[in-house]
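Presented below, as structure tokens, is a lone chain in the form predicted on its own.
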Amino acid sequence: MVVNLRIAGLCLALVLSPASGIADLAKPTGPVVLEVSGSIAEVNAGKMADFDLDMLEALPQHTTTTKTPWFEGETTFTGPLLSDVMAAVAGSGDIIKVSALNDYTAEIPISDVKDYPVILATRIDGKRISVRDKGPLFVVYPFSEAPELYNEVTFNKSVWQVARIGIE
């Protein structure tokens, strides 16, 4: 009987786990800085997933120090991988549409986030990114680690002041 209760408890835990798509994503407690929509299974705002900065910074954090065309010398960017954001919402698709506060939109092929550690930066040189400095979120490719990315095509996918992501 004890074994059956343990198995039943384990089965219930698996059914209600976030990976099952039944349990909803936690709700933001601070200002929403990112809305994720499209082909996602984890939601917390209707059919979307809203994130505040604390939620994004609770995801595994990654750092890249790289040269970019937008800053002098090397700059250190920190934030979750775009692939980890997709995993948090159980997103699936071939294209990630990233939109900025000014409605600039770029399409990032899913292959980019599978092939490279593309960061959704929340910090530059250890400090949260203000809107004035291209924040609060900035898509950053590892330009110094992968010099083949240092080109106009990738620069155009490096959206700053990110506000929305759509997964298709």
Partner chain sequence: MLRKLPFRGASIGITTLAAVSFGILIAIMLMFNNLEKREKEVAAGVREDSSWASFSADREAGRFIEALLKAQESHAQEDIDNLLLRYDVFYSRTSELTSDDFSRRIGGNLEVRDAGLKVSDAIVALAPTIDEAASDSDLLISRIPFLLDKAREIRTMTGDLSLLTDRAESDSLVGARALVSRTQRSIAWSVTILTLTLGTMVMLLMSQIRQSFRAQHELRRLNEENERAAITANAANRAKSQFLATMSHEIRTPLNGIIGMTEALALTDLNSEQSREVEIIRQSGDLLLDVINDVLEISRLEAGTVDISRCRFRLSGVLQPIQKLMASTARSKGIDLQFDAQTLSLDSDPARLRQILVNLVGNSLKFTERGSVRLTVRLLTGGRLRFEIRDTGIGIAEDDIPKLFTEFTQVDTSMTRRAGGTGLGLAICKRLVETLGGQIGVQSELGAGSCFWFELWNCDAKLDTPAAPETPKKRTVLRMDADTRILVVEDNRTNREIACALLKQMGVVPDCAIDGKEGVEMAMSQPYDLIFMDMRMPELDGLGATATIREKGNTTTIVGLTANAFDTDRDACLDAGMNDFVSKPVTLAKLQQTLRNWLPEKLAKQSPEAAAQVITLGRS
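Just so we're clear, the structure is a prediction, and the values are computed from it rather than from any experiment. Positions refer to the first chain, counted from 1.
Keep in mind that the form predicted in complex with the partner chain is missing from the display, and what follows is about it.
Shown alone here, residue 102 lies within 4.5 Å of the partner chain in the model of the complex, counting heavy atoms only. The partner chain is not shown here, but in the model of the complex it comes within 4.5 Å of a heavy atom of residue 134. Contact check for residue 46: no non-hydrogen atom falls within 4.5 Å of the partner chain in the model of the complex. The partner chain in the model of the complex is approached by residue 69, whose closest heavy atom lies within 4.5 angstroms of it. Per the 4.5 Å heavy atom criterion, the partner chain in the model of the complex is contacted by stretch 125-133, the sole one of 54-62, 34-42, 125-133, 110-118.
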